[in-house]
Every structure is written in C-alpha cells, then in structure tokens.
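Only one chain is included here, represented as structure tokens and corresponding to the form predicted alone.
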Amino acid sequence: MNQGSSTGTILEIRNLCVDYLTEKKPVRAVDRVNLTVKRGETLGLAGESGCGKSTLAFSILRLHKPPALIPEGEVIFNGEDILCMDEERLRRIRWNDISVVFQSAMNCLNPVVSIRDQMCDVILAHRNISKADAVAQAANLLERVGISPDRMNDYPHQFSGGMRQRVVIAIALALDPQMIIMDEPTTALDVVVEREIMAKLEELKHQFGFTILLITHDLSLLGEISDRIAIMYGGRIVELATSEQVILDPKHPYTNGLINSFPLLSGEKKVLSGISGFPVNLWDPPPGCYFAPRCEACMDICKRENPPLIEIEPGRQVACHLFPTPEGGAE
C-alpha cells in the first residue's frame, strides 16, 4: 500500500464548526475544533453521547446532509482542504484514501444483497478491474479479518454481530486506505467479541500501516489501543494527550469524571463518583465554560469566559481555567 511518508501529519482540522439548522436558529454541534492526526497513529475521540464525536467524524468526508451545515473551518488531508474539493475529487478521496466504519454493522449492510456483491460493489466503483478479480479480492479481504471465503454468498442476517462487524471492517479495507474513521465500531457487542475485533484491527494496522481515528465513549478501550486521546464536551475539545496521560493523570475535571465513572478491574474497591448533572443543552448553552454547571472546581471566571485549548506541556493540551494561559493565570 502506498502510504507516502511514515511520519508527519496526515489530517489537520482547523477551527471547524458544524451547525444544525432549525426554524429558529442554528445549533452548533462542533465548535471551532482544532485537531491534528499523525500518520500511522491511532487517535481516540471520546466523550458522552451527544458531545459531537460523530458529527466531527462525518464532517471530515462531508457526509452530512441538511439540516447540517459546515459554516467555517478547514479539513486538510495530505495538504488538500477537503471542504474545498469538488464532488469528483471528493469521490476519489472517499474510500480510496479515507474509509469509514459506521455504527451498527447490521444497519450498514444491505440485508437483501450478499456479502460478496456488497464487497464487489465497493471495489468495482473505484477500480477498473474485472468482476472475477473483484471477487478474488473480496475473498482475500474476508480472510484478512478472519472469515472464511466460503461465507461470501451468505447474507448479513446469517452472520453474528461480531462477524458482521468484521465484514464492515473488511469493506473499509477494500481499497487500502491511508486512514480509517471508526465510529463506535463495537457498539452492542459483548466485551469478548469487542476485544477480538480490536485485536484483529491492531494486527491489520501494523501489517498495512493505516491511520485510525477511533470514536467511542469507552475510555477503557481507548486506553488499550490508542496512542493519543482527545476528549470532547459540548462540541469542543477539552483535553488532548497521550493515552497514558489521559487515563492515569487526567487534567480536565470532565476527563477526571469520565475516568471515575469506570470500575477498576483490580485494586481497592471504591464508590464510583461519575458526573453530576446533565450534558450541556446546545440549544441554549451557558456563557463561559460549557462544563461549569457540572464542575466541582468551577470558579467565577468559568461562568464568564470560555477557556481556550492551550498546551500545558509538550504535546498535552487542556481547555480549563485551572491552568494558566500564556497571557495570565487562572482565577
């Protein structure tokens, strides 16, 4: 697979905003997000349901339909702004260079079309090859993800949930993309099957060298397979650091609340604290920091000013007034 350079940046999101238009006013679901994805890494994106994770992922390939709108920002992939591409150029990027594994494999697969035909449709839409070659490639893809090619003529309902997810991953790998966006790929799967699928994905990643943007609310999963983790709240990135830093030494109060919501598998038993209150209402968000109404460390400045995302140490960013900005300190 031609991946180009093995180092550097493959994707850079700059000041990206995504609105959902309503009759009264637009609702901002992604609010001036800046995020860099390094070539060959696995970057995790985590947060509560409704925080903007999937909306951000869909905006990378302009998969949104009205009433969603991208009013401003840039999505730079290999030096090109995807938001400025015409439809033909965008079509060549989709699946050839960036593919997507959507939530719920059963909903992604056509229930009345065989697995073979669904895989061949993807290949033939982008490659000028014969049907026989496409079938052979599809068989090879299934073997990559641990499914016998003898199952190619079966239909989605004849597979288990874990096997359907493997099929979706195989389709995402069909054109040897440089990057795969995975949106809650293990939703509704038990933990054993989840670990099997993620282990297979890691094996394929090391074999073929693609980059992964993995979206989930499961921080324990991200801690195992991600190189870095970005935490979202209310459409904003509030913390970005290595997986080890986020899991073992979270800086943002929201990240700390997420970590404390998961039980430990070993060590001393303790009562889970979780996070009080409810996620921010983006229809009528509060002034200042969106997390302030739920934050035990809330200060007066938090209710007035939105904290910028700043680098508190090399490679580590936090958006919180508990940490001093270059212009001054937190109150």
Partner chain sequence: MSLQPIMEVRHLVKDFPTKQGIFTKQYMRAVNDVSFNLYPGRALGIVGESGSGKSTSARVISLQYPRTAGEILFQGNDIATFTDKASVMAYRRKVQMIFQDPYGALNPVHTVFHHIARPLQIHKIVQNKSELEDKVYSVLEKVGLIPVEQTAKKYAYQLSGGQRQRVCIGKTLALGTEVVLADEPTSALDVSIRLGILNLMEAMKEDFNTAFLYITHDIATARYFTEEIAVMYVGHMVETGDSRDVTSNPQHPYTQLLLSAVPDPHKRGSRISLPEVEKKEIPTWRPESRGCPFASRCPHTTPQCREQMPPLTKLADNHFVRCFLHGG
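Numbering follows the first chain given and starts at 1. Not measured: the values here are computed from a predicted model.
Omitted here: the form predicted together with the partner chain. The next part is about that form.
Taking the partner from the other structure, the partner chain in the model of the complex has no heavy atom within 4.5 Å of any heavy atom of Arg32. Taking non-hydrogen atoms only, Val167 never approaches the partner chain to within 4.5 angstroms in the model of the complex.
Glu224 belongs to the set of residues with a heavy atom inside 4.5 Å of the partner chain in the model of the complex. The closest heavy atom approach of Glu268 to the partner chain in the model of the complex falls within 4.5 Å.
Contact with the partner chain in the model of the complex, defined as a heavy atom within 4.5 Å, is made by all three of His217, Leu248 and Ser273.
Put simply, of Asp183, Asp97, Asp117, Glu194 only one has a heavy atom within 4.5 Å of the partner chain in the model of the complex, and it is Glu194.
Taking a 4.5 Å heavy atom cutoff to the partner chain in the model of the complex, the contact residue among Ser243, Thr211, Ser104, Gln137 is Ser243. Only one of 194-202, 171-179, 121-129, 107-115 places residue heavy atoms within 4.5 angstroms of the partner chain in the model of the complex, namely 194-202.
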